[in-house]
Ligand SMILES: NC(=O)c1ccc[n+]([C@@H]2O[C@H](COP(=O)([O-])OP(=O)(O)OC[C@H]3O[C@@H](n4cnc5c(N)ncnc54)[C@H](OP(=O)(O)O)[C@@H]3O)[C@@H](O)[C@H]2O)c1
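One chain comes next, on its own, written out as structure tokens in the form predicted on its own.
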């Protein structure tokens, strides 16, 4: 199968590229000039806000499926840069739809639990949509244009992605580990809840969705539902770091630009009934991630000798 991956240099895009290239013909794209990780697949720079760039690649590659991992994900930045956030998250998706139509390509789109208001999570697929920040609003708008596209579409909502990446893509686990290793105190909120999602597991889901041509809106999150503070404690435990450096704070104390949903997170039952998938516990996923990091560091040491 021919699969085009947008946002390939992000953490999830990297995992999807590596995994799917083992079985399928993969073409990777992102806004950077080059692929940021080692993988023997073709790559080209694509800005989703530039229809001509997307059209040229799609006409050349003729994908049967497109995995859209590209997005403007800066939640606070979305409040200040609303035009840019909408251009990437909504118009960029519409541009993908427009060029995919002649090929009837199956679009798998990654969305978020931030389409909900966080008053009563974790959420099922048919719960009331009510985003409370601009980022969440753009992601819901992107869902709507996809549903109305008359293309084969799968929307996978997820939350709090984490994992290892060759390009050192930013994520909560890396932030916690790097700061604690330096002996620095970090402030972590104890009133935002979710079920953090290991990117390797999400990449597995995306591949199965494409191979089995599953369509619709689905949720995928980790097995454990916990606060960001509790998540940080789990990270410290697995990576053998000092959890006394983790300071508990409230969301309000951080004075963040964008409002955050408090009780967010997702229920994955619908997807589990449709596919043979695994939900990973925090501890198991973190252990896998730690092993990957150690293996990468060993390879770098060997190459430098």
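Owing to the predicted nature of the structure, the values given are computational and were not obtained by experimental measurement. Numbering follows the first chain given and starts at 1.
Although it is not shown, the form predicted together with the ligand is what the next lines describe.
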| property | result |
| --- | --- |
| Among the candidates 58, 65, 271, 46, the residue which, in the predicted bound form, approaches the ligand to within 4.5 Å (heavy atoms) | 46 |
| The ligand: the contacting residue among 256, 32, 250, 243 in the predicted bound form [heavy atom, 4.5 Å] | 32 |
| Residue contact check: residue 110 to the ligand in the predicted bound form, 4.5 Å heavy atom | yes |
| Contact label in the predicted bound form: residue 164 to the ligand, heavy atom within 4.5 Å | no |
| 4.5 Å heavy atom contact, residue 135 and the ligand in the predicted bound form | yes |
| Distance check, residue 200 to the ligand in the predicted bound form, heavy atom within 4.5 Å | no |
| Contact stretch among 143-151, 115-123, 71-79, 187-195 - heavy atom within 4.5 Å of the ligand in the predicted bound form | 71-79 |
| Within 4.5 Å of the ligand in the predicted bound form: residues from 268-283 (heavy atom criterion) | none |
